[in-house]
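Take a look at this single chain, the form predicted on its own, given in structure tokens.
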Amino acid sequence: MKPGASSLRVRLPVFVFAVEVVILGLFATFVAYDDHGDARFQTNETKAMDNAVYKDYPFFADIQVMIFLGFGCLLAFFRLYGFGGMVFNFLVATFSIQWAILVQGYFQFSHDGKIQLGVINLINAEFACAVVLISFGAVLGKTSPLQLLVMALLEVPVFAVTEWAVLKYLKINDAGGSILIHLFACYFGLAVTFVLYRPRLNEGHAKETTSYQSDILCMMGTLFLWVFWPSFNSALTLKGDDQHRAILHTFIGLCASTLTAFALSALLNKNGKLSMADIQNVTLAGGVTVGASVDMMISPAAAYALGMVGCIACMLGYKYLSPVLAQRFRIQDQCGIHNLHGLTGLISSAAGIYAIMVAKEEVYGPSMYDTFRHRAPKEGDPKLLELQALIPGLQPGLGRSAREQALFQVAAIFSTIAAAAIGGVLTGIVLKIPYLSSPSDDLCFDDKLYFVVPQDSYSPLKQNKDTHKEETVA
């Protein structure tokens, strides 16, 4: 038995059981059903079809597919680390969702000392889980399952506090999570991998290769993510036309980035051949680049252009930026999350700011103050009464101008990146504790350290020259 596996025989079960006991106690003490799940609030006049489950569960189910199948298959691209990529994704995801229900619930869904649990809470928890899984991509194959659980344990509260502070005090528009999900996850993960830097891995690793079967499995993950990304971007948007636009823009952006990815892959690779790493990753860029403006009236053409621009930035990042980050800045971004989530997240954030600056009532009509609710007139403003006559239920806003809202968006970008980077550095320091059973350089990217594997899984290794290590998944 390998030393790392031997140490985990006690440490991993002890950690998991201890965490389960704590979570059980917290659920018993603080978690209750929300109004749509509590039988006491149902009367003879209650219409079952008005229950929130019918509006929210389809989106929850789609995001479930992305979290467990999409990310799981996507992270199984290493030839000898398919078990680790898929199974540790399963482990970390289930833990992160449970933990996020409690931590996010405290900040966003707590009433009278109880966390009100409903399907909408689960959707929010899965977004927090997605943050952890994106960050996981930066350290894939270089960390033990115990390290990954500790990383999730620390990242979820940092994310929840950042999300709560940005939404409560800066009050931004970020329907698709380009700022609070993609940028946070990216820079948290990069900060962690910066602290866990392994100089020997810059020289290449014999096990850091793919296979025909692992690339097909990874491609399945890409397809799951591609198909269900419109649900991810639209799940928390306003029901109705905003959500409708979010679905349309995401699909259009993904189509544009996919076609562009094929063209660039043939153009930039030797002999005009396609690279599976490009198809597995860069095709998804459009889903991120439309995120910050996904529910706005940006036009279908703009969504298409964003998909193309995001794809180009993502592809160039894989080809040219990732090697520089590894060699000169100690950032070994194993899955290229900086390209798929960082660069595209910044482009998306800039596009969202521009869309806010040019938003006018002539384009949106009175519903502009639903989409940009912080620009709605303040309580007592005569214009508010006029708008409420046109849009029943419109809530008072902050009376912000387009310029003021744009400045708050900029502040959110910088504060989110700063919080993620600081949290990631501190988390990386914790993960270096020897007790957490970090694998040695020689045993990275190898399932044999943690799993019982089939006898025929370890055939002699040959370097895959068509796959460069920085072009892995995110």
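The model shown is predicted, which means the values in this text are computed figures rather than measured ones. From 1 onward, residues are counted along the sequence shown.
We do not show the form predicted in complex with a further copy of the same chain, though everything after this point is about it.
Open item on the list: So, a 4.5 angstroms cut-off on heavy atom distances: do all three of 110, 206 and 417 pass it with respect to a further copy of the same chain in the predicted complex?
Closed with: No residue of the spot touches a further copy of the same chain in the predicted complex.
Open item on the list: Given a 4.5 Å cut-off on heavy atoms, tell me which of 182-190, 238-246, 157-165, 400-408 is the interface stretch with a further copy of the same chain in the predicted complex.
Closed with: That would be stretch 238-246.
Task: Close approach of residue 38 to a further copy of the same chain in the predicted complex, 4.5 Å, heavy atom - done: Because a heavy atom of residue 38 falls inside 4.5 Å of a further copy of the same chain in the predicted complex, the answer is yes.
TODO: Considering only heavy atoms, tell me if residue 173 and a further copy of the same chain come within 4.5 Å of each other in the predicted complex.
DONE: No, residue 173 stays farther than 4.5 Å from a further copy of the same chain in the predicted complex.
Open item on the list: Quick check on residue 318: any heavy atom within 4.5 Å of a further copy of the same chain in the predicted complex?
Closed with: Answer no; every heavy atom of residue 318 is more than 4.5 Å from a further copy of the same chain in the predicted complex.
TODO: Flag residue 143 as yes or no: does it have a non-hydrogen atom within 4.5 angstroms of any non-hydrogen atom of a further copy of the same chain in the predicted complex?
DONE: Flag for residue 143 set to no.
TODO: Could you work out which of 195, 87, 350, 201 is the residue within 4.5 angstroms of a further copy of the same chain in the predicted complex, going by heavy atoms?
DONE: Answer to the contact question: 87.
Task: a further copy of the same chain: the contacting residue among 331, 223, 153, 357 in the predicted complex [heavy atom, 4.5 Å] - done: So the residue touching a further copy of the same chain in the predicted complex, by this definition, is 223.
- [ ] May I ask you to list the residues of 50-85 that have any heavy atom within 4.5 angstroms of a further copy of the same chain in the predicted complex, in sequence order?
- [x] If the 4.5 Å heavy-atom criterion is applied to a further copy of the same chain in the predicted complex, 50-85 yields 51, 53, 54, 55, 57, 59, 60, 61, 62, 64, 65, 68, 69, 73, 79, 80, 81, 82, 83.
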